[in-house]
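Only one chain is given next, in structure tokens, and it is the form predicted on its own.
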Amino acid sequence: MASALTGERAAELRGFSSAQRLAYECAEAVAARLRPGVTEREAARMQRDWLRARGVRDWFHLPFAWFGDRTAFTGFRIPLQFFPTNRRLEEGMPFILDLAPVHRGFPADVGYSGCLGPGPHPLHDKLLADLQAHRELLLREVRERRPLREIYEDVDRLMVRQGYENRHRAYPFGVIAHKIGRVSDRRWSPHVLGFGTQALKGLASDALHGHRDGWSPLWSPYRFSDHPPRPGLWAVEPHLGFRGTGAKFEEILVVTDSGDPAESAFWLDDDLPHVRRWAKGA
């Protein structure tokens, strides 16, 4: 990625990579501490406390935790259902930790899927393994400069072939991804309905400029995403569901204006928990 990672741009990407790694370190640390009886609210608080102890004072969004059939968004109809509840974790139950801290002005947004206990967990393991094909498809088709809406539809078709339901469609606007960008490095920033005000302002600004120029910072199945990938950083989160069990990853995809396909899009970091898992063949 020589030409794509030089000078100021390289330093910026290192900042985003550091924030993303910190978020995944948090997810792994909290996942290791989960025990039967822990509630979603307690797991969300564990993430907040871990990150605050390491200097995080601002958020793209506050941490979420989903247990059991809530990992597949079973019965979700309104946004308030995404917030952590008193659902208690049980042995063998799937869980998802979703956190989006801002570290030194660099936001990250990650999703970590696990299952409580040593296993085996054949269904959950298969869901995680089958996510690899989605990571590969997304990168390949972004490099081909396919319209975001078409790529979304291809992800849908792949899920159907695999025998799964698309659960990211349950997110607001059905998004599979959204743009992220730098924010001011502040010691503290207020949040509204769990979302940091700085991040919301940035997303709103992108939406305003995008509407004028014919693009959207939200990658969705709708007409406003019927355009080629916009250069920048995208937090991408394909989410599979099967009979009350859900699994996903979320990580940063970098899109550039390079004419070299290999440099036109790339995952910010290939040393993440789900990628290491696939490399081990687990």
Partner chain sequence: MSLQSVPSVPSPSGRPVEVRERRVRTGGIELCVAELGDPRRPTVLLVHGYPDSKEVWSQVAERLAERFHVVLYDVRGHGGSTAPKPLRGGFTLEKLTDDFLAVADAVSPDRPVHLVGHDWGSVQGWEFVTVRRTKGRIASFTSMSGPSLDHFGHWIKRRMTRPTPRALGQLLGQGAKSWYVYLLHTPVLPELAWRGPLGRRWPKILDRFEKVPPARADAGGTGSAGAYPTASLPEDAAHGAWLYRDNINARLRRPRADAHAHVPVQLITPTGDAFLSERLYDDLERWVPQLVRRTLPAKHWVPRTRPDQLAFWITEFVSAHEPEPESAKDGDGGDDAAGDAVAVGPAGKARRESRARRARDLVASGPYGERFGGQLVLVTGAASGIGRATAFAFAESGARVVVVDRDGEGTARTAEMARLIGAPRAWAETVDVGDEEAMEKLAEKVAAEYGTVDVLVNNAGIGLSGPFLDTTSEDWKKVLDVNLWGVIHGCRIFGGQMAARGQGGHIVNTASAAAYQPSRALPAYSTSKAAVLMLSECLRAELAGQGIGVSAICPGFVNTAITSTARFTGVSAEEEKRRRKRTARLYGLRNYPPEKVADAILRAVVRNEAVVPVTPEARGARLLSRFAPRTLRAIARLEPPL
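This one's a predicted model, so the numbers in the text were calculated from it and none came from an experiment. Numbering follows the first chain given and starts at 1.
As for the form predicted in complex with the partner chain, it is not shown, yet the points below apply to it.
Quiz item: Even though the partner chain is not shown here, does it sit in the predicted complex so that Leu123, Arg149 and Glu165 each have a heavy atom within 4.5 Å?
Solution: Every residue of the candidate spot has a heavy atom within 4.5 Å of the partner chain in the predicted complex.
Practice problem: Specify the contacting stretch among 154-162, 137-145, 173-181, 104-112, defined as having any heavy atom within 4.5 Å of the partner chain in the predicted complex. | Solution: That would be 154-162.
Quiz item: Is the gap between Phe242 and the partner chain in the predicted complex 4.5 Å or less for some heavy atom pair?
Solution: Result yes; Phe242 sits at the interface with the partner chain in the predicted complex.
Exercise. Give a yes/no on whether Arg87 approaches the partner chain to within 4.5 Å in the predicted complex, heavy atoms considered.
Key: Heavy-atom contact with the partner chain at 4.5 Å: absent for Arg87.
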